[in-house]
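Okay, here we've got a single chain as structure tokens, the form predicted alone, with questions on binding and movement later.
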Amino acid sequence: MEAEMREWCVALPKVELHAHLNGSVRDSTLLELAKQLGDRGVIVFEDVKDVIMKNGRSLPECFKLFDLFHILTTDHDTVTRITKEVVGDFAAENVVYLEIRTTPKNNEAKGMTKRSYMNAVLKGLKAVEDVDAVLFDSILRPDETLSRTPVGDLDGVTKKKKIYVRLLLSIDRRETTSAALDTVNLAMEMKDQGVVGIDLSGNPVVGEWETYLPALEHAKELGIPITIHCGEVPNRKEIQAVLDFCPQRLGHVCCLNDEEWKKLKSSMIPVEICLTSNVMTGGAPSLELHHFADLYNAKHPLSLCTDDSGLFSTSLSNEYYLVASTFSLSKAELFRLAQGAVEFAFVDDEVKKFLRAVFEHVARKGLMP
């Protein structure tokens, strides 16, 4: 039964709204690139080799890999390669819509600007070959919507998988107000190049809300959708401020008190749920005690997400399986959960129409409950 449910969760069309580019790198790619850095004397390869090859990493081990990601992504070609592979990996497990979030890096020593970093990401998106990546500049006729659906193999016909990809630019909590404003302005410049929103993320114990508030307010004035990492640690002042700011989506929302839970539920702001990540980082005490159940039972808008699929050795299919096995959700409930996430995407209505049609097609053909 477990194997059958896992296979079903892979076949289920899915929407991923909270995936960090750097944290979604394949272990095999990470090992190869780390070895190259070791050979060049940039890092000591033996210090990270075992951590890269290990499943079920501890939190300190995860932070060690975060440091490695930071070094790797100061190279344009590496950013392009990672982007290409991440899109392919998500499409392979029938993710039909993917929002990748990443922090544009400014590294003068490496000849990297925020714009050149994002150009490397765009180059990676356009280099995807194994799947049909529908990007911002792709032209898709309505009659093509279901001709190569990402779930085509469910009805016995192997078809090229299709995935819609969009980008979120992340403001890192370590950045200055000026740097955060630069990211928002870059997002505005790139709105016709696949950028659909702004994210606030980074080390939750670093930085002050007042530092990046001007940039977030600027994004709101420009009409750019915003998602914010909220409540990863019990910071009462910031959690209150984030809830008052009322972004379009929130990530994690782990460490809220009773009053804050009440405020969140009344706001109906969609929450990006990352079960494995929350348990591994201590935001939730266990899968069984994860706040998913409370929000789901309250009929709060939710989407299941991976956060960092490579770092936490998970996949979106696995997150759906964990929800099913931990909280006894039926296949029909999982299907509705996946289908509902379409409505929280920052993409335009035309793409949402295509995505709704994918789910309707699957349901109509009886391939899902």
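Numbering starts at 1 and follows the sequence shown. Computed from a predicted structure; not experimentally measured.
Not on display, but discussed next: the form predicted in complex with a small molecule.
Relative to the small molecule in the predicted bound form, residues Phe66, Lys105 and Ser201 are all within 4.5 Å by at least one heavy atom.
Checking His290, Lys162, Arg101, Arg249 against the small molecule in the predicted bound form, a heavy atom within 4.5 Å turns up for just one residue: Arg101. Site annotation in the predicted bound form: the residue of Thr83, Thr227, Thr183, Ser277 reaching within 4.5 Å of the small molecule with a heavy atom is Ser277.
With the partner left out here, the small molecule still marks one of 107-115, 88-96, 228-236, 258-266 in the predicted bound form; by a 4.5 Å heavy atom cut-off that stretch is 228-236.
Proximity of Glu319 to the small molecule in the predicted bound form: non-hydrogen atoms within 4.5 Å are absent; the residue sits far from the partner. Although the partner is absent here, Leu21 lies within 4.5 Å of the small molecule in the predicted bound form, judged by heavy atoms. Residue contact check for Asp172: one or more of its heavy atoms lie within 4.5 Å of the small molecule in the predicted bound form. In the predicted bound form, the small molecule sits within 4.5 Å of a heavy atom of His70. The pair Gly202 and Cys62 is at least 3 angstroms closer at the CA level in the predicted bound form than in the present model.
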